[in-house]
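Before any questions on binding or motion, here is one chain by itself as structure tokens, the form predicted alone.
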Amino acid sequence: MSVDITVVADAEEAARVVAERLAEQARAGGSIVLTGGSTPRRAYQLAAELEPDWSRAELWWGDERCVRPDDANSNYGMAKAALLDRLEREPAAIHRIQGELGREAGVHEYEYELEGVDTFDLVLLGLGPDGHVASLFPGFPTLDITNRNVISSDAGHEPFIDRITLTLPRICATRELLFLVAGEDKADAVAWALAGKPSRATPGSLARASDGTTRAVLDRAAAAKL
């Protein structure tokens, strides 16, 4: 399945392009799945400036570490500081993964949250230097789970904290899947994920929207090996 690729000058511009898309979706309403990372953080800050009213949207998270929401390693905590705390009107619903409950209880609670949810409107993903997306790591058995929405996982890299993540089929059940990737250290992973053959060695190569469009916004450094 093809990927619509946009290459821009640097990480700041990549964040702005994605911020514009997030703001557009917030105005339209629907379900938005957020991700962690430094480049998404900047995109969230800019999106809050572009559209301070997110009351038509519902927010979800692709994965979370098993920590309290105010922990420095929390994806929710990052999004709260970068996006939610800057909005004039909050989203209609905020579906946080409760990582502080631990792996099994956190999975159970998020499964409950997802009951009855069919297709997301927009899923935002980063891409690790090893090609991982959300907390789906290269070669892990979690990549083979197709009959669940949410699972727990060991960490595939530092910080070595247990994870809770959406499964690959649940991530792909979206009208738009949008990669945001910046940095020279991601160039190999970008080439594997966006231009290579689908492989369990590169989970990003398996992440494609099953009901819509897959896009990638890259800075020049990340796109250098395409």
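This is a predicted model, so every value here is computed, not measured. In this text, residue numbers run from 1 along the sequence as written.
This protein has a second form, the form predicted together with a small molecule, left out of what is shown; the following refers to that one.
- Three-residue candidate spot Gly37, His132 and Arg163; every residue lies within 4.5 angstroms of the small molecule in the predicted complex by at least one non-hydrogen atom.
- Note on the partner interface in the predicted complex: the residue among Gly126, Pro91, Gly77, Gly156 having a heavy atom within 4.5 angstroms of the small molecule is Gly126.
- Residues placing heavy atoms within 4.5 Å of the small molecule in the predicted complex fall in a single listed stretch, namely 37-45, out of 37-45, 22-30, 196-204, 166-174.
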